[in-house]
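Before any questions on binding or motion, here is one chain by itself as structure tokens, the form predicted alone.
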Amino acid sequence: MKNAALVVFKKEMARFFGDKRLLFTTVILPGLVIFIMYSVMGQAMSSTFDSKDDVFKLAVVNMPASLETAFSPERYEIEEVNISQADDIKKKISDKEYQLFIVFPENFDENLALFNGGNLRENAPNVEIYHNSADVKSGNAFSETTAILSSVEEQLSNVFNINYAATPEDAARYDTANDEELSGTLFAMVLPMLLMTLMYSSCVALAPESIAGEKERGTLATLLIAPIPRNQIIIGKVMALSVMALLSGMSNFIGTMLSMPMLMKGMENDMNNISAVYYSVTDYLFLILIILSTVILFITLISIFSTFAKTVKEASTLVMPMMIVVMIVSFASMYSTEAKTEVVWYLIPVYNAVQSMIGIFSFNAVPVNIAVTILINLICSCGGLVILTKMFNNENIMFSK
């Protein structure tokens, strides 16, 4: 039968699209869950770490007159206490009743003047700030207070300035990175790892059921005795599984890209302009081709393990080591936002996909390296199809009990 592979392909696709529950859980649900999860995480992080409206309660010993105006009364509630209350105040910080306990040395202003006059560094007045790092509000208060004191110190004993700026907006001029480069750096660090993990998970959710599942239920044996070349059965199944996994992977990708700006709101202010609009049609085309070739490779490899297994459970167990390898390789993107330029790196399956994604997301994609990655993935997939054909022709593997 010349169109046997197409018949098997249609059969698998009919099974997939005919099962509304499977279609929902495989294609729609993953992207929806990622979008909701990352959006909620971004909102939660934003509300947790945003301290713009917080009022910090401070207990201070020996508050210097020179610093009284440094702390805004709208921002800080300062209570002057005695050093004998130290233990009680520290307990209240642990109980989150106070945010900070600051102890200035006696005669702070006078000692500071002596230090500016030429005393050794070790004789400089020491300010003790007790805080609770397990309390987000206390941590924010500690960061802002140390910044205030550091600013005052620079004003009192300043020798020279580095990137002096009166406002944060003024300081931004020293950073030559633009929003596009910030987006590229962040996406190159995070998305390759996420996409590779999600793509592999999608393939694992589909391939074992299609082969080991049919083998376990006995329906695969019926298909094998039909007058259809077994290599056509394999090609039809791999094609169908690849389409299904690609749909699931694209759902994950879309959900991730849509939720990323929301997630960034919970991070630093200079990341609020993170966006995927900077990527061109060519970038997305390269990315889709990389995802497609990688999905076909994953489906082929997982199909080999599924063919060897007797049950879906056994197949799921056999593919776990490969999952670990994929995750380890994918984590490479977390420690490098620059893609390898040498072609030799793109001859390594899986790793080449990660490097290609890093190149695409960092706006440094090299078409030759992208082409090599796609070619290597397809060659390895063809090799896997040869192995699958031999396994399908082995009666002991296909009908073992």
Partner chain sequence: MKETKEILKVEGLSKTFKLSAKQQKIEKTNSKTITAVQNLSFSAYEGEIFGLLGPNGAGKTTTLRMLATLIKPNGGDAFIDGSSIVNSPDEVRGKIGFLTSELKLEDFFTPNFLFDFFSDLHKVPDEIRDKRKAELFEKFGIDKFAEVKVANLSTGMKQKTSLVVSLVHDPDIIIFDEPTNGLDVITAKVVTDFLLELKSRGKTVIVSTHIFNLIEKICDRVGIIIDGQMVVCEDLKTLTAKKNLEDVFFDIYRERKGDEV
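Residue numbers count along the first chain shown, from 1. Please read all numbers here as calculations on a predicted model, not as lab measurements.
The same protein also exists as the form predicted together with the partner chain; that form is not shown, yet it is the one meant from here on.
Across the options 140 to 148, 315 to 323, 195 to 203, 212 to 220, residues that bring heavy atoms within 4.5 Å of the partner chain in the predicted bound form belong to 212 to 220. A single residue from the set A86, V136, A226, L285 has any heavy atom within 4.5 angstroms of the partner chain in the predicted bound form; that residue is A226.
Using a 4.5 Å cutoff between non-hydrogen atoms, H131 does not count as a contact of the partner chain in the predicted bound form. I397 falls outside the set of residues with a heavy atom inside 4.5 Å of the partner chain in the predicted bound form. Mapping the unseen interface onto this chain, V386 falls outside it, with no heavy atom inside 4.5 Å of the partner chain in the predicted bound form.
At a distance threshold of 4.5 angstroms between non-hydrogen atoms, C382 is out of contact with the partner chain in the predicted bound form. Residues are counted as partner-facing when one of their heavy atoms sits within 4.5 Å of the partner chain in the predicted bound form; in 6 to 36 these are V7, V8, K11, A14, R15, G18, D19, in sequence order.
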